[in-house]
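Next up: just one chain, as structure tokens, the form predicted on its own.
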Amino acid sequence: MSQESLDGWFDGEDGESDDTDAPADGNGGTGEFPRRCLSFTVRGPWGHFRRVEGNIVKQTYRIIPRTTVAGLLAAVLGIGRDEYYGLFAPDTSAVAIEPVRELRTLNMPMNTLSTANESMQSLNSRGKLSMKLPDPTKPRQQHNYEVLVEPAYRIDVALADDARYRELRSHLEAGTSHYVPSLGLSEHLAQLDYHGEFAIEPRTNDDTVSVDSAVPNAVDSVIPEPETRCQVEESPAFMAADAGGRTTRSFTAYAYNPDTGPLSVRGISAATVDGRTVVFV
């Protein structure tokens, strides 16, 4: 996969090259804003983004993790597992996440079959093409899943790889994808509503700003306000391939309003996208 340098971020189709602005963001990224991003809403009737901790009850993150956004977009682009982490690395991508529907959950018991090797059954094992499926004669295991009800997030994404950026834009415009998009689990199908391509306008000299997106890595900068709820959760942000498959390299702590709506934040680097104020990571 070819990877453009940051100097080439968001050259226009007319070939005009734009420099990036470089405010200190303090959000774990490069401190630079690209010029343009693609914006879409991902939504569905159900969602589950399993938290890395816990085992008995499979709890979910409320904010779709950045790593899940990367996997979702890799599915749209048709990139295989463990092959897209460089595309969404800290210095080659920027993502802002805004919950646009009230975040609520319920517990849902599910009967599942084990996918451990000893419980898998080979089909056509002597043929050129074979596959393994869970043995349906084995007893089911019941797990209690915490699932999101009708989750919806507005996603703004910029990529340094210009070819992939244009390819993603074409898919979003046409409403196509290589693999079926989902919200965490494969049975939680997702719909992507494309809003368009927008300029990213850095906000400067703002002491306090009203942020529409979830606020990454600035929990101490959120100004508490009556009648506005604020919750915090930490989720995986970046991954890298290794000999065993993949490893989470860093996490992001998001502050967010579970009822949707902005949070007042002091002293951060934010940007305006399509009339909204967001923070990228």
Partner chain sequence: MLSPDEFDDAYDDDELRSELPDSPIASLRDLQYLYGKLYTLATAGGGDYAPYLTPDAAGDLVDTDDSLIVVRVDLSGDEPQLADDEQGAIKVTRYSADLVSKVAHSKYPAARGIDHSVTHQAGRNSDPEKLARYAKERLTKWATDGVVQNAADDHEDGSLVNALADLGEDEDVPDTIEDAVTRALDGESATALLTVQVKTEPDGEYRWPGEVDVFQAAMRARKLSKLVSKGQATESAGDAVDIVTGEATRTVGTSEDPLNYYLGKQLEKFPGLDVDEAWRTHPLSEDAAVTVMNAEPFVEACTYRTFGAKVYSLPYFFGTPTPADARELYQLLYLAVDAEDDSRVTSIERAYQREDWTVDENRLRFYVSAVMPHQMSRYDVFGETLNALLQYPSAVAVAHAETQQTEAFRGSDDRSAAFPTVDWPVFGSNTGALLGEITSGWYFGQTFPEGDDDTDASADDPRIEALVNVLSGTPISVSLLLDAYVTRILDEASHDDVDGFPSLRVSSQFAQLCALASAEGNFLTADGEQASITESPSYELRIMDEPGPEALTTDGGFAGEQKLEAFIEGTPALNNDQRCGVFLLGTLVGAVGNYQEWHEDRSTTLVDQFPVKSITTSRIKKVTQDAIEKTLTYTRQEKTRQGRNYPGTKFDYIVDRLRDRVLNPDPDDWTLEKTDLRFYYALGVTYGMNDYSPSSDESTESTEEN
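In this text, rigid core is short for the largest set of C-alphas that superpose within 1.5 Å between two forms. These numbers come from a predicted model, not from an experiment. Residue numbers count along the first chain shown, from 1.
One more form of this protein, predicted together with the partner chain, exists but is not displayed; see below.
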Worksheet item: in the model of the complex, does residue 120 have a heavy atom within 4.5 Å of the partner chain?
Response: yes
Worksheet item: Can you check whether residue 143 is within 4.5 Å of the partner chain in the model of the complex, heavy atom basis?
Response: yes
Worksheet entry | Residue contact check: residue 229 to the partner chain in the model of the complex, 4.5 Å heavy atom | yes
Fill in: 4.5 Å heavy atom contact, residue 109 and the partner chain in the model of the complex
yes
Practice prompt. Have a look at 176, 115, 137, 204 for me and say which one sits with a heavy atom within 4.5 Å of the partner chain in the model of the complex.
Written response: 115
Item to complete: Choose from 66 to 74, 250 to 258, 35 to 43, 208 to 216 the stretch whose residues reach within 4.5 Å of the partner chain in the model of the complex, heavy atoms counted.
Response: 250 to 258
Worksheet entry | Candidate site 83, 126 and 195: all three near the partner chain in the model of the complex by heavy atom within 4.5 Å | no
Practice prompt. May I ask you to list the residues of 233 to 250 that have any heavy atom within 4.5 angstroms of the partner chain in the model of the complex, in sequence order?
Written response: 233, 234, 242, 244, 245, 246, 247, 248, 249, 250
Discussion item. Residue 135: after superposing the rigid core, is there a C-alpha shift of 2 Å or more between this form and the one not shown?
Written reply: yes
